[in-house]
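Read the single chain below, which is given as structure tokens and is the form predicted on its own.
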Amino acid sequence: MRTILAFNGSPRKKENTSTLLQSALDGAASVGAKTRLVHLYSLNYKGCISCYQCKRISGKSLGKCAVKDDLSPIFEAVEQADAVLFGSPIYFGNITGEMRSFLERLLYPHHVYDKNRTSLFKKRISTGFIYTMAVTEDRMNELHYQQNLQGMESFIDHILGDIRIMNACDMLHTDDYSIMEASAFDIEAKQRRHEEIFPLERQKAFELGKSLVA
């Protein structure tokens, strides 16, 4: 049985990002995969502390993060997985701080500073990233979000395995816009879009999940 792990980089456990991740896991499960959804904001950890223990050629932590915290068993699970899927809302044009810190810790120990930038990850696995954002696709392009995200995507692709991307744009911030000043957005249009398009995006995520474990 193939295994896929999904990592929710949103502080919300039941909104846009987590919903799409769960749809992807449902897709993977539909073709027989074992699934697990991890909420990063429920874990206690920090980003890379630059101790370089993972780089010591003769060290016991070569290729592994030496810091022991809530991520330690997660890293072991990733090594056993056949696919991993990341999900994050976009804050100020990039992934959340929690997701960034997680990816630092996950990827850096496997990244070798040789001429070929060798990966110490023991196998190639399928990877994916789902981005959710409040801006429209046109606005996403105007603000160069894709350029902001490509750097981390390239590391995931190189260190872990081929990456597939899904962008979900023009998401709702909240069910109740009366609580905030939001005149920059056409609220009625966003709500209509959520009713009409979000189910299609859930189906797209479902198919992504299937493809990652196919």
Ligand SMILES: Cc1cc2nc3c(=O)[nH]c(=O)nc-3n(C[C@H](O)[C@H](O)[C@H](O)COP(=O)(O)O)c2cc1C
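Given the structure is predicted, the values throughout are model-derived calculations rather than measurements. Start at 1 and count along the sequence shown; that's the residue number.
Just so you know, the form predicted together with the named molecule exists too; it's not on screen, but the next bit is about it.
With the partner omitted from this view, the residue of A33, M171, C65, L160 that lies near the named molecule in the model of the complex is M171 [heavy atom within 4.5 Å].
None of 107-115, 122-130, 67-75, 82-90 except one has non-hydrogen atoms within 4.5 angstroms of the named molecule in the model of the complex; the exception is 82-90. By the criterion of a heavy atom within 4.5 Å, R192 is excluded from the residues contacting the named molecule in the model of the complex. Contact check for S23: every heavy atom lies farther than 4.5 Å from the named molecule in the model of the complex. A residue is said to contact a partner when one of its heavy atoms sits within 4.5 Å of a partner heavy atom; Y45 fails this definition for the named molecule in the model of the complex, lying far away. Using a 4.5 angstroms threshold between heavy atoms, F155 stays clear of the named molecule in the model of the complex.
Contacts between 140-166 and the named molecule, taken as any heavy atom within 4.5 Å in the model of the complex, involve only Y145.
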